[in-house]
Ligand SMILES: Cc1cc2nc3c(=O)[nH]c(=O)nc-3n(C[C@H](O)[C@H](O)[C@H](O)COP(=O)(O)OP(=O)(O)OC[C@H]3O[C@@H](n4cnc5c(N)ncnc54)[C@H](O)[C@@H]3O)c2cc1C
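To begin, one chain is listed below as structure tokens, in the form predicted on its own.
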Amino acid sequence: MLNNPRSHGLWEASAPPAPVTVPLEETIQADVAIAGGGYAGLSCALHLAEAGKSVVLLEAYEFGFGGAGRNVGLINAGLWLMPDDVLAAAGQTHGERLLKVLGEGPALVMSLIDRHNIDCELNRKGTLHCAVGATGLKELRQRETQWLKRGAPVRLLDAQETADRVGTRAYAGALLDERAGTLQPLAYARGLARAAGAAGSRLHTSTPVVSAERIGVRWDIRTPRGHIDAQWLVVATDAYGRGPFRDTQYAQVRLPYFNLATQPLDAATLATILPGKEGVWDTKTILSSFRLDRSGRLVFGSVGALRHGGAAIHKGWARRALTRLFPRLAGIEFDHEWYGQIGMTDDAVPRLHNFGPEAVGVFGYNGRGISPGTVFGRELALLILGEKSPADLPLPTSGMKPAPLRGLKELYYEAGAQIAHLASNRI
């Protein structure tokens, strides 16, 4: 994307084409203007258009340019935090509400894929959160207990069943979440765009917002060659915010994350590695994730950026790590490599922000963009439609402020991942 093979890698190479769009070059009126063509913005546009609202969505680059087109493709339920920690961070009322809507999030994603026939390699086989050692297993027991209290279909697997499902004895156990699954993330974003357009949304790529001003009871939104007069404004730019919405980027610490895709594996190897096609991530602080795509490539990722020497370091580490996990992959080559940024809030909970009268947005998905982004896009649509009040939403309204020591933390994460991967020869 934008002639950068390290931006979207395998996902751009294998996704169906995006719907054809053009930059906005006229003055138009709309009920709602949306800035950002990721999961939240596209989900919001789709739900609003289906309800009869006139919607214009503006994407500065291409659909899925940010995290929506770069992530590993795990459709997880909930947040990174354990359920009880979500309550501690968001409060009892909002916390339980948040756990409910995000626990049901994968079902919403899958229902949209089914209803709109989105070709995005959907796999409904669940995800495996794998325990590294006794400490990791203890963490997963806590997660299982807390989710089971809320009726979630999760189950802690022992080391043998984990080995059978993953194809390695590196893990002490795994938490199977049957709500979850995997998909091709850029294909899902493009499919949402196609569905939103078919429902009546106007979609414009290569159209950054250069100004957004409230004039009277309407929003005056300017692009390089166009102008929108809208009643509502939705900001869905997350960690890639720019221009008048750059504060959504500065309010988060951005964590780099890379993915590498192997050559397609042969049938004998595929019979031994993730035979059920679940998505996997582990309990390490500098975690690893992996899953298979439709063509039998193993997509393997971890914290780090493929720049400033990071490409060689992280690829070298990945070869060692894969060989330790799966000895038959010794000497494997990578066909694709890419990376992006994960926006992290200080408590790992997303933020709902009012950008002015009738202007709202959610940001800070903390590495859980597919399901929460889709859910919050729908929730903002319900707010605009009057079907929910601000008090009914799963997040309280929060202020906007720069993340403390943001630049230093981002340097630390990028450099720290390089140091850890340079020194590490274990999982």
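One rule holds for the numbers: they count along the sequence shown, beginning at 1. These figures come from a predicted structure and were not determined experimentally.
Beyond the structure shown, there is the form predicted together with the named molecule, which is absent from this document and is the topic of what follows.
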Of the candidate stretches 351-359, 263-271, 138-146, 204-212, the one with residues having heavy atoms within 4.5 Å of the named molecule in the predicted bound form is 204-212
The named molecule in the predicted bound form has a heavy atom of only one listed residue within 4.5 Å, and of G241, G173, G191, G105 that residue is G241
Partner-free chain; cross-checking the named molecule in the predicted bound form, the single residue of T283, N123, Q341, T168 with a heavy atom within 4.5 Å is Q341
Can any non-hydrogen atom of A68 be found within 4.5 angstroms of the named molecule in the predicted bound form?
yes
- request: Indicate whether the named molecule has at least one heavy atom within 4.5 Å of a heavy atom of W232 in the predicted bound form.
  value: no
Check your understanding: Taking heavy atoms and a 4.5 Å cut-off, does C44 contact the named molecule in the predicted bound form?
Key -> no
Taking the named molecule as it sits in the predicted bound form, is P394 in contact with it (heavy atom to heavy atom, 4.5 Å or less)? no
Across 42-65, the residues having a non-hydrogen atom within 4.5 Å of the named molecule in the predicted bound form turn out to be L58, E59, A60, Y61, E62, F65
